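Coming up is one lone chain in structure tokens, specifically the form predicted on its own.
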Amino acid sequence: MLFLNSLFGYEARRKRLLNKVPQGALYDFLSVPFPSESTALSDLSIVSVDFETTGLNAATDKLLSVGYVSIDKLQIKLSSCYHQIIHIAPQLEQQNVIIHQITDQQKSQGKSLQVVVETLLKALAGKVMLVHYAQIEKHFLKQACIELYGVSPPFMILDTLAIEKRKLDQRNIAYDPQKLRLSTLRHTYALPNYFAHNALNDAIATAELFLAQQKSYGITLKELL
């Protein structure tokens, strides 16, 4: 296992890519080591992230907005909140506007993908990214990095959906996959309802769910990756 980590682990991939990318936002991100997998959650710096997108296919759809909030030593830092709509060229479909409440006029006044991704990379340097259903954020962020920098960097990601699924699977009892939705899990943990499909709202909602999931502050990062 140690040998495989030395070849394919987060730190090995970070160091290999660091030697290949030019100076800039991605280089700065890769210059900071990832947290050790033995780090206790109570000592961990986390950034809870959510994306709103025009669809589910990272190769053909676009990032529409990004929201994040930091968690430091199991405390949500609301002073760190960030929300930004991204300027994209295609006109939004009616369904996008209904779901995300972002209009064509708002996105026309948004910031460029490069500016938003650079801001996110700066926030994520040396930290763990927290999401609900990692397939969306992981694939869209990697696709954005390929578009901007020509490479797909590693990200250390915790997924509240995967954490809950693991708990349910250990019980060896059939369950409705709908139970893994963010809003449903928040209800299960007696957390308040938020307006969904706003990137910052969902990032905060995910952060709160993560803290509610963690009963033991002695657990380590490795146990949840």
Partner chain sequence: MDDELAEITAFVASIPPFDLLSEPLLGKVVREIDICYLRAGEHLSSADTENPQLYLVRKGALRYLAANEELTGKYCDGDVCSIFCQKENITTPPCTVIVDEDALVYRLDFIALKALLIDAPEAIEFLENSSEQRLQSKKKKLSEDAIVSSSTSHTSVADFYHYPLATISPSASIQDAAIKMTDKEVSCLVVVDEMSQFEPSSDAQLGIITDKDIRRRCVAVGLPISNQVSDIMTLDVATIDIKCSAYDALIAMTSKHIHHLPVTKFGKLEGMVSTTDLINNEEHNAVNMTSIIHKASSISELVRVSKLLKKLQLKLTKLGANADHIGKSISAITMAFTLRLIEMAEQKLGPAPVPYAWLAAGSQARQEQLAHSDQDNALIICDTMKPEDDHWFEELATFVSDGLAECGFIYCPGDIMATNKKWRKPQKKWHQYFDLWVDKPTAKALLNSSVFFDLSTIYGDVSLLENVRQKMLAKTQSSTLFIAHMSANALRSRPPLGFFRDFVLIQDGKHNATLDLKHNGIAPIVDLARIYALSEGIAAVNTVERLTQCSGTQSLTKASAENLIAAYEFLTSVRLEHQGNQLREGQSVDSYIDPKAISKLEREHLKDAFKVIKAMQDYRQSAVI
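Residue numbers count along the first chain shown, from 1. Since the structure is predicted, the reported quantities are computational estimates derived from the model, not experimental observations.
Heads up, the form predicted in complex with the partner chain isn't pictured, but that's what we're talking about next.
Engineer: Is residue 54 part of the interface with the partner chain in the predicted bound form - any heavy atom within 4.5 Å?
Structural biologist: Although the partner chain is absent here, residue 54 would stay clear of it in the predicted bound form, with no heavy atoms inside 4.5 Å.
Engineer: Check whether residue 185 has any heavy atom within 4.5 Å of a heavy atom of the partner chain in the predicted bound form, and answer yes or no.
Structural biologist: Residue-level check for residue 185: no, no contact with the partner chain.
Engineer: Determine whether any heavy atom of residue 177 comes within 4.5 Å of a heavy atom of the partner chain in the predicted bound form, and answer yes or no.
Structural biologist: The answer is no: residue 177 has no heavy atom within 4.5 Å of the partner chain.
Engineer: Looking in the predicted bound form, any heavy atom of residue 12 within 4.5 Å of the partner chain?
Structural biologist: Looking in the predicted bound form, residue contacts with the partner chain do not include residue 12, since no heavy atom lies within 4.5 Å.
Engineer: If you check in the predicted bound form, do 191, 195 and 200 all have a non-hydrogen atom within 4.5 Å of the partner chain?
Structural biologist: Every residue of the candidate spot has a heavy atom within 4.5 Å of the partner chain in the predicted bound form.
Engineer: Have a look at 114, 75, 152, 135 for me and say which one sits with a heavy atom within 4.5 Å of the partner chain in the predicted bound form.
Structural biologist: If I apply the 4.5 Å criterion carefully, the residue I get is 75.
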